[in-house]
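In the form predicted on its own, a lone chain appears below as structure tokens.
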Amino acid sequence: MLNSETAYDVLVVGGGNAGLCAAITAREAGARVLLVEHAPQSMRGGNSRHTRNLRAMHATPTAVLTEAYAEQEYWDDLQRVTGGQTDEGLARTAIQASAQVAPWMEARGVRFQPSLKGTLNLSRTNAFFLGGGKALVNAYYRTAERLGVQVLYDTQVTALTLRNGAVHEAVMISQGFPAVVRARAVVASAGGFQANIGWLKQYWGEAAENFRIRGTPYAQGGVLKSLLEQGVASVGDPTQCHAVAIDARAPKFDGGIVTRLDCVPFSIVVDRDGQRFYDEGEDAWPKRYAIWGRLVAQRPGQIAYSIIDAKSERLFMPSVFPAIRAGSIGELATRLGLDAAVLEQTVRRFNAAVRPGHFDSQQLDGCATEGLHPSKSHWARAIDTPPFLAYPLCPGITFTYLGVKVNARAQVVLEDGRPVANLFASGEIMAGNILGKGYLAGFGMTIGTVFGRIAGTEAAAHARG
């Protein structure tokens, strides 16, 4: 139970990976820590409970990573997906620190498994959590509670009140009752506003009604909004978000990783008019999968269809929902509610443009189209072997990129350039400093882990000072 009279050294707002890393780090530094989580205990952990892996730099093979993944390659990959929209100093901090996070995580109960092979092909770059994100979250909560971190569930922070360049108090509703908490330092790790459909509609219009929210329904953006309204500097494009193509049969909220579809590179993707609209084989899937949610969001009705044939059925991790099957393209079109003649023509044109090459599902290959717009740059094979299969696609929003600006200490910065003396941030609420757009698989967890530890260290130091 919350006692508003208790003097806390560090208040951590948000109970996902970033907040937990901050709380554990601050507590290990000797701070008295309160962590508040909007969700009930059964849904604790924010989006982190749906994650699978973390992207890590390494110079030599490790127990769970193959070959090497050097800083420059990591940086080049980030530059490519963000188009240069990143703070290089903060980005390199995350990249460099990622080389040391695995031992720290293991010492606090997280376990890793050999990386999966297949569509993502991440054995060289990403360390996978044994049991997935939920096991990671549970391990961190056990560690935090063993260390003496006080945890409050069903507690929504509605405002962090700033006064004279510092957080004066946190206004919240805890288990249905209003409360105010004061702490010497605060770490904001409350995520973005992706579950706030009304806020999304300010930028996307009515199309946002057709979005699915892959993670927690509790990411309403209340803390972010409170800070921005009080003169905290914003960072990131409010129209940008981590949006992947997921199965359109997924639930509105909290469908998680299993609703994502990884078949796109081996398919053609058509909109509801039966027309292709983008290069399905543009680049390796870990570097491009996060563009497809936005692409589908821009199509009529925010719906598209990934179409493959029997040759490609076992090349990717299947969805939790079964494929829609048919013996012919025309029959498949009918089952999808598409114009059969149009879809048949689209497939014929694609098949005619495919040029022979060596097909390799594990890397960029020589199979491409010629004279077709849009082209398909890799993995282009004729769709000619029944049965024919389709998956309906819709935008699945993971997190938004609008956030608060931070400095190298993870300290939140005001619009006039001054840091807020006792306010730090980690995770999705500050990821826009590094991810201006685009995404690298596993990099969100890297940012949350690295800056969670930085924020926890700095908050504890401020509280002691």
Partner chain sequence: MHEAETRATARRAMEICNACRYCEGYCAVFPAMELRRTFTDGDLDYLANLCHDCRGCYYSCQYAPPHEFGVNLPRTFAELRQVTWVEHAWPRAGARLFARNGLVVALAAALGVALVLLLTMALQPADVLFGVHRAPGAFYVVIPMAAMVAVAGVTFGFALLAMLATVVRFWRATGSGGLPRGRPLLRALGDVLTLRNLGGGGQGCNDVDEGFSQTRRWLHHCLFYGFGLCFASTTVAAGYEHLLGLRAPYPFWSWPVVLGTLGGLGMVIGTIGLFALKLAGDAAPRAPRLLGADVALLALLGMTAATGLVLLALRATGAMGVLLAVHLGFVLALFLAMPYSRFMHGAFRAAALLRNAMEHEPTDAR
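Since this is a predicted model, take the numbers as computed values, not measurements. Numbering follows the first chain given and starts at 1. For the two forms, the rigid core is made up of the largest set of C-alpha atoms that agree within 1.5 Å on superposition.
Quick note: we don't show the form predicted in complex with the partner chain, though the next part is all about it.
- Contact with the partner chain in the predicted bound form, judged as any non-hydrogen atom within 4.5 angstroms, is confined among 170-178, 221-229, 252-260, 334-342 to 252-260.
- This chain lacks the partner; the member of Pro392, Gly132, Gly330, Gly274 within 4.5 angstroms of the partner chain in the predicted bound form by a non-hydrogen atom is Gly132.
- When you look in the predicted bound form, the only residue of Lys201, Arg182, Arg92, Arg142 with a non-hydrogen atom within 4.5 Å of the partner chain is Arg142.
- Interface residue remark: His50 is counted as part of the site for the partner chain in the predicted bound form, having a heavy atom within 4.5 Å.
- At least one heavy atom of Arg44 is located within 4.5 Å of the partner chain in the predicted bound form.
- Contact between Arg111 and the partner chain in the predicted bound form is found at the 4.5 Å heavy atom cutoff.
- The shortest heavy atom separation between Pro318 and the partner chain in the predicted bound form is within 4.5 Å.
- Superposed on the core, the two forms barely differ at Leu162: its CA moves less than 2 Å between the shown form and the other one.
- Annotation for Ala323: C-alpha shift of 2 angstroms or more between the shown form and the other one, rigid core superposed.
- Relative to the superposed rigid core, Asp262 undergoes a CA displacement of at least 2 Å between the shown form and the other one.
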